[in-house]
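Heads up, the chain below is alone and in the form predicted alone; it's given as structure tokens.
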Amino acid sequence: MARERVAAACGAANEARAEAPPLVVEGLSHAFGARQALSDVSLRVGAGDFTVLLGLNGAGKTTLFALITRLYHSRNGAIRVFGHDLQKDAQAALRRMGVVFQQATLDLDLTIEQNLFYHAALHGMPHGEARRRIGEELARVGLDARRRERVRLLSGGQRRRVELARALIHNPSLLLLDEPTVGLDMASRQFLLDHVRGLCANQGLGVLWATHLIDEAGPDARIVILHQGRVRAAGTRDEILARAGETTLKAAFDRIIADGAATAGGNPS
């Protein structure tokens, strides 16, 4: 009977995880010495959601990403990925996410293919499966024919496509992108936006897209406004506009962060 109860409990736990959202952040705070970078941050990314983390430079977006990806250790608050607590079950949580960091992380002297094979090996993928997945993802970003070229020969936009393909090689269900379009031309920006939105719509991928560019928060996005380390507003575009009493997202954003700064007394993050 005891064994049956344990099996039933494990089954219930697995079922709960299967129904859990891709990302839940609750009451997360983080400081660098005396400087408070994040204060009581909570947000949620659902399956198929294109969630835009919108904030000025220095708002705390990169710090939040560093905590979610375990580059920093969180002591206050909770982060759960598909029900896996990041502090208690980090490996299970990290296996489910793909990441495109703000700073480029490709090895410029390796080929596109070599960079992706290295990433696949880190995830323990067999060589044959890795080759198949590399071909699929490079084809989707239009770079399969160039897989044996060295990364340093690519443009900035093409390198970002490679980083996106790399983040998806192991079939994650949660994708994090930190300022992925900084420094890119309009065509490259639009390609990345369209490609990632398509992954949300067609594959149910949960996405957290951090940016300071307001026009990247399209009408289909869920929006989280982060300012001075605090979440100032969250919801659909229409909900954000209604809360601020404005007709454009730019005007709503400006009003919300101005109100937040006034509430905080203008303290820096």
Partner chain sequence: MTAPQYGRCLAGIVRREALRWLNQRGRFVSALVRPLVWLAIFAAGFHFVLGVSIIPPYETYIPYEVYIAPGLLAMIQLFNGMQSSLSMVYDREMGSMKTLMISPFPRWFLLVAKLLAGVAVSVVQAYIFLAIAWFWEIEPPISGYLAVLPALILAGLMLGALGLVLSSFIRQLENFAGVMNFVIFPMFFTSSALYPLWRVEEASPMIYWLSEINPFTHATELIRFALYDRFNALSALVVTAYLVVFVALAVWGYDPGRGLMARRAGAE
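Since the model is a prediction, treat every value here as computed from it, not as a measurement. Numbering follows the first chain given and starts at 1.
Another form, the form predicted in complex with the partner chain, is not on view; read the next lines as being about it.
(request) Report whether the minimum heavy atom distance between Arg70 and the partner chain in the predicted complex is within 4.5 Å. (result) Flag for Arg70 set to yes.
(message) Is Asp107 near the partner chain? Define near as a heavy atom within 4.5 Å, in the predicted complex.
(response) Close contact exists here: in the predicted complex, Asp107 approaches the partner chain to within 4.5 Å, heavy atoms only.
(request) May I ask you to state whether Pro126 is within 4.5 Å of the partner chain in the predicted complex, using heavy atom distances? (result) Yes, contact at 4.5 Å.
(request) Decide whether Gln114 counts as a contact residue for the partner chain in the predicted complex under a heavy atom distance cut-off of 4.5 Å. (result) Yes, Gln114 is a contact residue.
(request) Select from the listed residues Val141, Leu94, Leu154, Leu184 the one whose heavy atoms reach within 4.5 Å of the partner chain in the predicted complex. (result) Only one listed residue qualifies here, and that residue is Leu94.
(message) Please identify the residue among Arg132, Arg75, Lys88, Arg148 with any heavy atom within 4.5 Å of the partner chain in the predicted complex.
(response) Among Arg132, Arg75, Lys88, Arg148, a heavy atom within 4.5 Å of the partner chain in the predicted complex occurs only for Arg75.
(request) Choose from 98-106, 76-84, 192-200, 132-140 the stretch whose residues reach within 4.5 Å of the partner chain in the predicted complex, heavy atoms counted. (result) In short, 98-106.
(message) Under the 4.5 Å heavy atom criterion, name the residues of 26-46 that approach the partner chain in the predicted complex, in sequence order.
(response) If the 4.5 Å heavy-atom criterion is applied to the partner chain in the predicted complex, 26-46 yields Phe32, Arg35.
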